[in-house]
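Below you'll find only one chain, the form predicted alone, shown as structure tokens.
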């Protein structure tokens, strides 16, 4: 048996609001399955299960704000416990009337949703016909379904809208016939103020990073002639839809350099430097409403250029819509930030703890370049490194940038 707890989805996260469960007691789950949605400052995140087994019970109700590490569910059949959490007592059963047994939470929700519990007598799905939260909400949904589709809103969504002070006139429903559901309320609050909340979270994390991490900085200029020739020749063989962006061979070169100098690929945890064997690149993405997010692209070193291009096409729009998976928020081993598409020549990042480095990429620009005694114009990119002095030093950082330069200055396929 294992405790499934609220995961930390970033150094700046202290709590999140449970939006929706995707599982019920008795469901079989495996590692990587999405079992819940939570609302954070960076959007609604799909929470994945980190162990396999059978859901024994769900501890937290949708709408509750949960701190990191709090118990969410209990899973049977798992070999490893995700974390140690405080035990949660099973609610006592309340009796509403003769032959009507109901949990205290279900009774409270029934009052809020105007559900007559007497009508549910003998129809509870809990042990011995016990009426629980789900029975009440299903009854409320059935009642709503009988109403005309226009302007419909589920009772749970109405209750959540009241709690969050959301104007229902400005919420678009995603349910049948355009009905407004609780998830629409949660998403509306995220969309209404993504910039402010996200910027506060980023400011908190970056301020902590600068206070606690002794940064050192390095920069190098890289002649991109060979790699751009390879990219041009490769894209000439492809249709427009299949062409690769310059960032693809650059990311592949970064992973090769990290294989050469692995000390920068990892974490500083509990006063120790821990190098990761896997390479999951955090890719900084600017949000349309303001703010920044850096979800992980997994196992970049093991993927082909086509697979990596497909990952980018999938990840960027999902991130901007606030639809990321929890593993994408937690697994990055090093972060890449690039502002070259906006014309920035150099960018100096701030390390995102517990990572120990961040790489900055500038715009590839035609610049004077002397080679073999000859001066010419070459496509040149500035690459920067900000690294944690507790984990590495400038010598290691310089070795990494030199390795990156080597892998980018070859015309071989990444």
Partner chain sequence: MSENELKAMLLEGLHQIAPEANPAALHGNQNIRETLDIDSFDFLSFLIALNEKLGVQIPEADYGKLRTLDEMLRYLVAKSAS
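Positions refer to the first chain, counted from 1. Remember, it's a predicted structure, so these values are computed and weren't measured experimentally.
This protein has a second form, the form predicted in complex with its partner chain, left out of what is shown; the following refers to that one.
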| property | result |
| --- | --- |
| Option from 336 to 344, 210 to 218, 322 to 330, 298 to 306 whose residues, in the predicted bound form, bring a heavy atom within 4.5 Å of its partner chain | 336 to 344 |
| 205, 121, 245, 261 - the one with a heavy atom within 4.5 Å of its partner chain in the predicted bound form | 245 |
| The single option of 232, 125, 272, 172 touching its partner chain in the predicted bound form, heavy atom within 4.5 Å | 232 |
| Touches its partner chain in the predicted bound form: residue 200 (any heavy atom, 4.5 Å) | no |
| Its partner chain contact at residue 317 in the predicted bound form, heavy atom, 4.5 Å | yes |
| 4.5 Å heavy atom contact, residue 312 and its partner chain in the predicted bound form | yes |
